[in-house]
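Okay, so we've got a single protein chain in two different forms coming up as structure tokens, structure 1 first and structure 2 after it.
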Structure 1
Amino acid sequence: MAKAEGRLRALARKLAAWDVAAALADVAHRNDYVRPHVTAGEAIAIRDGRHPVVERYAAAGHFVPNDTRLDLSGERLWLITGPNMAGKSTLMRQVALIVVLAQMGSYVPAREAEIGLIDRILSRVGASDNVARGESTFMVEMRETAEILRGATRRSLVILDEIGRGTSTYDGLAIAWAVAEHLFEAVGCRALFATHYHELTELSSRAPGIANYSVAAREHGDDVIFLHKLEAGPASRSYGVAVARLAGVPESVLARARAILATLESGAALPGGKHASLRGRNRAGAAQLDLFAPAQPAVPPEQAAVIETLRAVDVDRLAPLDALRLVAKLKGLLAGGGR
């Protein structure tokens, strides 16, 4: 038996290779995969790409495929915006999985794919912490981001999801902006960067290699419909309140959130009096007005908050107990206690 050890090991390796090849062939045949063109070039071009796992859980024919093209000589950094649940993370992961499958010799879930060789895939997707070692979610996020920035090369594929979300708006935006700039200017790799910081979309106007894309969603009344289709250009909004509504957040809370959101989007102050808008302001802290902006009637802040909340509330969805809480909240605002 000892004399046959070498032959047995060689036979086992061959059987294992055949088993893997047969399994990949079976999956490709059953799920309509195609043979990718793996090249030494610099482009990742995928037509009608699909996520190999998510599509298996989606109803037949309901997974929406998307096209992707990243090229070191063209658009190499995509800034992807759009609402939660629309499919940003799915899109980024499916590109990474298709690249892995192609470079390991498998067929891929797409109609057509050209995969330029990459040396590594670096990703920061999802949220996790390490409280046993005293590391918060944001600390873990920053540690992983640091490792990506140190390890990425021109031939790498980087996927980043919501960098900077674990800290204040200004800190988070500053970090996300600097990371995107570093990946584009210093590393020069192909990257997919999903974000809710819509200010980041301004980067595309500074360099032709940065492009804005968004995952489509449409509003129907108070509902939001996720189309899961990638479109050129930035998203107009994030639909966070609409997603909170789908999750079952009480209507009284949603109404207050809509009112505060409308106030912030208009460049006004937070309920506590401080400003959170990125618009320019004068030395007194007031928002800089447009030269031809119409004069607005002076309304006390307490009354304005009550009016905006009442306009935003959906009476038909308001439960009796929520209505009582909303009335108490509005009375508190009028009395100056809602701040």
Structure 2
Amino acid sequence: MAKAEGRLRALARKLAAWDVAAALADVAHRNDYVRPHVTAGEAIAIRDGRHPVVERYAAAGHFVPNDTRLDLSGERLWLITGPNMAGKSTLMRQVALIVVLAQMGSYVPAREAEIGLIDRILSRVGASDNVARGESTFMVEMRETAEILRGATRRSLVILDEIGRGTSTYDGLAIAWAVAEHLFEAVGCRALFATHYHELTELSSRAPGIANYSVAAREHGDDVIFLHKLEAGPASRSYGVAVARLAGVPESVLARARAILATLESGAALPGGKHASLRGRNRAGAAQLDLFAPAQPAVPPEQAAVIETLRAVDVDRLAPLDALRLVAKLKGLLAGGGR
């Protein structure tokens, strides 16, 4: 038996390789995958790409395919905006998965795919921390970002999901902006960059190689309908409060959030009296960078907050207990408590 060891190992290796190939073929056949064209070119062009896992589970039966085209001599940095829950992360991961599948010799979940070889995929997705090793959430985010900036070459594919979210708005936006510029100018790789900083979408006016895309959603009363379809151009809104409502955040908190949002977006004084305008947006959804718009408080700030909170509240959806909490909150606001 010991004498056969070498042959047995070789046989096991062959069987393992056949097993992988057979499994990939089975998956491709069952799920309607297509054979990708892997080329030495500089484009990644995917028509009707799908996320192989999301299409089978979370969105089984109603997955919306999307096209992606990154090209070193065309659009190489895509800035992707769109509401929470729209499908930004799904799209970026599906592109990365399709590239990995193609380069390992598998068929891919798409109608057509041309994959210009990449040397590596570098990604930063999702918030995590490592408190046991002395690293906070933002520290982990920045360490991963640093590794990406050091490791990426012109031939890499970089996937950045919401860089800069773990710190203050100004710091986060500034870092996200600088990282995007560095990837585009110094590294020159193909990259997908999802962000909620609408201000970043201005970058596309700097160079033809930077393009804005957004995942579509439509408003329907207080609700938001996710179409999951990628469109050219930046998104106009985030719908964060609408998504918080879907998730079951209490109505009184939502009403207060809507009021604060309206105050921030109009550039008026906050309940605490500070004149902070985090981001002004015009009707067409274009971002503005005048971050310190002057405030014009017409009524005392605590009264303005009460009025706006009341205006934003949806009485039909207010549970009795939430109504009581709301009254307590309004009284607190009038007393100058600010919460």
Ligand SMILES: Nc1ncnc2c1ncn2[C@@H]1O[C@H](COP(=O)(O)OP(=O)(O)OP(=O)(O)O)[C@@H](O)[C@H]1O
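Take the two forms, superpose them, and find the largest set of C-alpha atoms that agree within 1.5 Å; that set is the rigid core. Here the structure is a predicted model, which is why all the values come from computation and not from measurement. The first residue in the sequence of structure 1 is number 1, and each one after it adds one.
Taken from the form predicted on its own is structure 1; the remaining one is not. The Cα position of residue 43 differs by less than 2 Å between the two structures after fitting on the rigid core.
For residue 58, the Cα coordinates differ by 2 angstroms or more between the two structures after the core has been superposed. A displacement of less than 2 angstroms separates the C-alpha positions of residue 315 between the two structures, with the rigid core held in common. Core-superposed comparison between the two structures: residue 11 shows a Cα shift of 2.6 Å.
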